[in-house]
Every structure is written in C-alpha cells, then in structure tokens.
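Okay, here we've got a single chain as structure tokens, the form predicted on its own, with questions on binding and movement later.
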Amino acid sequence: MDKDEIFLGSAENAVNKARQMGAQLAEAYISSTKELNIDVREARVETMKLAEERGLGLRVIREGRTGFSFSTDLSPQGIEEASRQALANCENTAEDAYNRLPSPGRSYADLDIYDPGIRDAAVEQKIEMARQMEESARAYDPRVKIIESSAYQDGESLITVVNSLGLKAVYKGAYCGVYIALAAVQGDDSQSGFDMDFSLKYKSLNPEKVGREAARRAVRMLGALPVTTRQAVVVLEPYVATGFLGVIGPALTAEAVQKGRSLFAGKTGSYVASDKVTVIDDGALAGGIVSAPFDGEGVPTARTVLIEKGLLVQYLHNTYTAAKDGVSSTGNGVRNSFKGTPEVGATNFFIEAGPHPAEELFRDIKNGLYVTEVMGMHTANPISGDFSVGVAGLLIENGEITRPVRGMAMGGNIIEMFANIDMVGNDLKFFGSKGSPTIRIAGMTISGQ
C-alpha cells in the first residue's frame, strides 16, 4: 500500500474516532516531510543534514468551541489519545460562532509540483552544485575572498487533509534550490554579496550563474563611500522591493485586519499605492515554490489580486476569517507543520511585473540612488507602515549608474512610498515564495553625511 493511501486511512480513522468520542466536527491534517541541506566550504562538505518528520494535527469543534492536538503516533492508540486530548482542549477555548470547517465539492487545480528528478539525483551531484557555485564565484573576480555559505537544499512533502463533512484531499510536492553568501575584499574594504535560485525542477537550477551573480553583487560595492543628504529618485532592486513587500504581507491578511493590527484596515476600495502597482497572491502559480492544489484546510488555492492598480481590493482569508467577514476563503489557511492550526498567510506573493525593461527605469534620472541593500527592515512597523532603514547602493547620475555608496538612511511610510512609485520593471524575480520586479520611486529623502 502506498504512503498516500496509508495516511489517508489514518486521517479518516482520526476523524471517525473524534466523532465517536463527541466531536461535532473534526479535521485531520497529516504531513510527511523530508528535507536535505548541504553546505560546502573550500570545496569540502562542511555540513549535511537530512531531516524527516511526519505527524497528525487533529482539530475538533464541539458546541462552537475548538480543540486541537497533534501526535507523531498514527497507531490506533495514538489516534485515540490525540482525539481525547483535542476534545479536552475544547474546554479551554471560548465559544465562537465562526468556528467551522470547509465543505467538500470544489475541484483542485492539476499542478506540476513534484519532480522525481529531485529525489533521483545522487547526493554527490547535489554536493557538486554547491561546489560549482563556489568555484564560479571565485572565478568571477580574484577579490572574492570569503565564501560564507555555498548551499544546496531540497525537500518533499506528502499532505493529507480529511474532515467530517466529507472533504478528502492529498497532494505530493517537492522543491530544490541553491544559495550562496560571500564577501569581496579590497584592502581594508569588505563587501558582501549573495544570490539564490529555488525551483520545482532539479534540472532548471544553474549554480554557476548564481555564483557569478553573488560575486558581481559584492564586487560592485567595493570602494563604496558615504554621500550627503539629498532628495533623489530611488530605484529599488527586486530583492530590496521584495523586502518591503514582506513587511506589508502580514497586514494584507484578514486575521491582522480583524485584530486591529493592519495598516490596511478599513481601506478596501481605497487607493493604497500608485496605479502602477498590482500585488497578487497565487497559491496555484505555475512554477511557484509553494504552489499546492489546496491549503492547510483543504480549500483550493487560487490567484488573489489584493491591490489592483493601486486599489485595495480584498484581504487574504482562511475559513474562520472568511466566515467572520461573510466572504469565501481565498485558500490561504497556511500551516507550517502538523503541530499548528491553520493561520492566514501568503503563498506565492508578488508585485506584478510592469511594462518597462529594467534599464528604462534609469534613463531619465539626473540624480538618483539604486538601492541594492537594506539594513534593519525587521524594524519596520506593519501596523503603522512607518520605517527607517539603512541603505547602500549605487549612485545614478544623468541616466547612468556611476559609483557605489553606503552609510545612508531612508525613512517614511510604506503606503506613501508605494503611492510614489512611477515605474515598474518587467523583470519580476522570486526570492523563495516572494518576488518583485525593479521599481522606481519618484522621490525620497536620503539621509547621508
């Protein structure tokens, strides 16, 4: 019997046992995951870790109260104990009319998210990918002196969701990726660089390209000097723009809005960004690193336009927040593991590509800054949208990138910054599950010396 059949049977047993013991509604979520991490330094394997985990998360509802428990024991005895504990935990929660489970009957997208080539590739081949990254980085420029990490990673998962309303769903997925972080040194000056490439397809990984790009990012910043305070046009590299997108992501969940923790609360139907900006979450995105046919509750994933040409259209929902707002779940009931209940979270989350080649964003800038690095993004306030971060990058003078600069700060409000975006590039790039193209902000104050 295949694993998916075994886990489906275990999930059904858990739901039936919970119902027999007094649950009015029950849901079983079983995940079986495997993850490989390889880190190479100086062409030698420094660490190699293979981690496997499987378990059951059981959620029950009785008289409007929710109880949850988890277990790694899928035997009949383990399932019975998990059911008993979940029902006991109901007594510690408040009654809530919006506690419910999704109904079955909706179809799931047929997604290409499992490449057997990831599992079939020999460990030696994966080690070689990490070595190739390191070699290509060093070959790019002799000033690349330090490789902090040259890593290969992959993982696969088998997810099963069953509930007492008749929902039964199973999928298998896998991903792989490479990442490198390094430093270039010239005299007393040291500058860092990195790059990554994550994919659903093993053969699409290009470690040499990743190594060269990381080296290029470090070398271009050598000799960076501070500049004076100025008002300037600011161009954000995709990675930096993705960092700002990561700040507003949690604020676009209905959970944050309902708890009064979102800068977007009460703003649906209002402009929260420039009409050049469209923000999308797509759990079924072709090639998306976290794409899946359904979310952690068994609700089909979907393309959800959150901000359309600057207009806030809607929020992300799971079953609970959707019931509270009288809408349908957007398929964003996210679970990090079987050990927790579904929260509301983003999947493949990105700013949609614009019409302009990235180089066009620089052409008519007389005085500007191309921001390639941000320090302190974690200090940005997701409730007010206020931020103040350190920045480094490259000066733009008369349409040309001229020299590297550092030791500056940039602050403001994220909504105001997004409202001031006047061009969006067509070079959308993902960094894991989040992505952005190059974006240009018409004007910001850059604090220097």
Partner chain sequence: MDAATARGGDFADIFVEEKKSVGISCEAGKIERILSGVDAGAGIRVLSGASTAYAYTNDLSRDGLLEAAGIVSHAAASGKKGVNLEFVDVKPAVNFDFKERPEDVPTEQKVAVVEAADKTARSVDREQIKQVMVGYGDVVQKVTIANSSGDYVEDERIRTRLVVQAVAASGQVIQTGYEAVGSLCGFELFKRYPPEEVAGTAANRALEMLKAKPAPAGRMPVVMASEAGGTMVHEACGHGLEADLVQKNLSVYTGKKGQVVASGEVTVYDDAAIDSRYGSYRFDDEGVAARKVNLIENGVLVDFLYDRLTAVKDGRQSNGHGRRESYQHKPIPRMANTCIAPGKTDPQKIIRETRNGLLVKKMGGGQVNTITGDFVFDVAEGYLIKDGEIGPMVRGATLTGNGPEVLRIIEMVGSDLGFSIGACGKDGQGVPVSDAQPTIAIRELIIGGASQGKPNGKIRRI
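Fair warning: this is a prediction, and the values are worked out from it, not measured in the lab. Residue numbers count along the first chain shown, from 1.
Keep in mind that the form predicted in complex with its partner chain is missing from the display, and what follows is about it.
Considering non-hydrogen atoms and a 4.5 Å limit, does its partner chain approach N336 in the predicted complex? No, N336 sits far enough from its partner chain in the predicted complex that none of its heavy atoms falls within 4.5 Å.
Answer yes if any heavy atom of D386 is within 4.5 Å of a heavy atom of its partner chain in the predicted complex; otherwise answer no. Flag for D386 set to yes.
In the predicted complex, N92 touching its partner chain (heavy atom, 4.5 Å): Within the cut-off, so yes.
Residue-level question: is E63 within 4.5 Å of its partner chain in the predicted complex, judged on heavy atoms? No, E63 is distant from the partner.
Please pick, from N398, N413, T402, N381, the one residue with any non-hydrogen atom lying within 4.5 angstroms of its partner chain in the predicted complex. It is N381.
Note which of E208, E308, E343, E360 lies within 4.5 Å of its partner chain in the predicted complex, where distance is taken over heavy atoms; exactly one does. Residue within 4.5 Å of the partner: E343.
Hey, of 216 to 224, 279 to 287, 162 to 170, 257 to 265, which bit sits against its partner chain in the predicted complex at 4.5 Å between non-hydrogen atoms? Of the options given, it is 257 to 265.
For the stretch 36 to 59, which residues lie within 4.5 Å of its partner chain in the predicted complex by non-hydrogen atom distance? Residues within 4.5 Å: R41, R44, V45, E46, T47, M48, K49, L50, A51, E52, E53, R54.
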